[in-house]
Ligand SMILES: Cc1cc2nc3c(=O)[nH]c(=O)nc-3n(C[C@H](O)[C@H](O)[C@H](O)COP(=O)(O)O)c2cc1C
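The chain below stands alone, shown as structure tokens; this is the form predicted on its own.
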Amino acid sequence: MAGGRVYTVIDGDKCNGCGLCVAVCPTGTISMKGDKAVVTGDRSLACGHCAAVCPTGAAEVTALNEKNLDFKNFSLDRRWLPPGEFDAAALVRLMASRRSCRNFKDLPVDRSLLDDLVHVAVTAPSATNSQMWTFTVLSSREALLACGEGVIGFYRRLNGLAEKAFLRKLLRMAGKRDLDLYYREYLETVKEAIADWELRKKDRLFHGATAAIVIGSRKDAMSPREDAFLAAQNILLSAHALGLGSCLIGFAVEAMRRDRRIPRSLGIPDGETVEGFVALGHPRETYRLIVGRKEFVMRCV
């Protein structure tokens, strides 16, 4: 984060004095002294702009781990891709082809794929480049079911509260309408899902997924939810590219945020907040076409 320790290092022997690193540094960490770039600032985003632009390899940001760009299921071309040099139609085809999967095969997800998805996730932007996200990988169907028991238990208790008319009335009088909204909009559907889970062994929570990635944030994150959603989008798109189906599970996030026992059971400490839950697996679904979206509002000022 800006204002923290400066990890930027300039090798004066390699520096050719081009000044490119000075021009791209967002925090003024680097300056020109004579014909060489030097670190003069006391704050840095550790963004790596300087290392990415340097033509001689003189700039380094020691906080960055280059191994995060090592993948197990594909090789990454490390050459920077300039704006306008990727096929926009291919990108949109990928984004529009990715659909939320609610029918998964009973097949495990290889751990190497899950590792790659996390490595792709952290290429997303984050507020002030804080990168204060965390990733908890549920690598088996058994781990997912254990987590699901906690989530189902939370909603069973919530249903009991929501069915108390006097409690909903008291909360409405206090200006708190969440429980009343839950009662009107979700109670019956959730009750059916709980019955399916407990009595019919039908998984309407995770849709039969065999793995998941829980995205969390540490307490110093400036925009934790936004950061998590950006990382989640990377996971969703790369999962599709790697042959997996995916689905965001908002009900699990809500339960894990309100009942700390659930994230604790996964080893997530109390200092972290759960922001996203991506269910993953091999999809049963096959589609033929990309279809449109609902009408949207667009303004130009």
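One-based numbering along the sequence shown. Computed from a predicted structure; not experimentally measured.
What comes next is about the form predicted together with this ligand, which is not displayed.
> Do heavy atoms from each of Arg102, Phe229 and Leu248 fall within 4.5 Å of this ligand in the model of the complex?
Yes: each residue has a heavy atom within 4.5 Å of the partner.
> Counting only non-hydrogen atoms and a 4.5 angstroms cut-off, does Arg141 reach this ligand in the model of the complex?
Heavy-atom contact with this ligand at 4.5 Å: absent for Arg141.
> Is His207 part of the interface with this ligand in the model of the complex - any heavy atom within 4.5 Å?
The answer is yes: His207 has a heavy atom within 4.5 Å of this ligand.
> Using heavy atoms and a 4.5 Å limit, would one call His119 a contact residue for this ligand in the model of the complex?
Heavy-atom contact with this ligand at 4.5 Å: absent for His119.
> Report yes if any heavy atom of Arg288 sits within 4.5 Å of a heavy atom of this ligand in the model of the complex; otherwise report no.
Because no heavy atom of Arg288 falls inside 4.5 Å of this ligand in the model of the complex, the answer is no.
> Given the stretches 249-257, 40-48, 262-270, 62-70, which is the single one in contact with this ligand in the model of the complex, using a heavy atom cutoff of 4.5 Å?
Going through the listed ranges, the match is 249-257.
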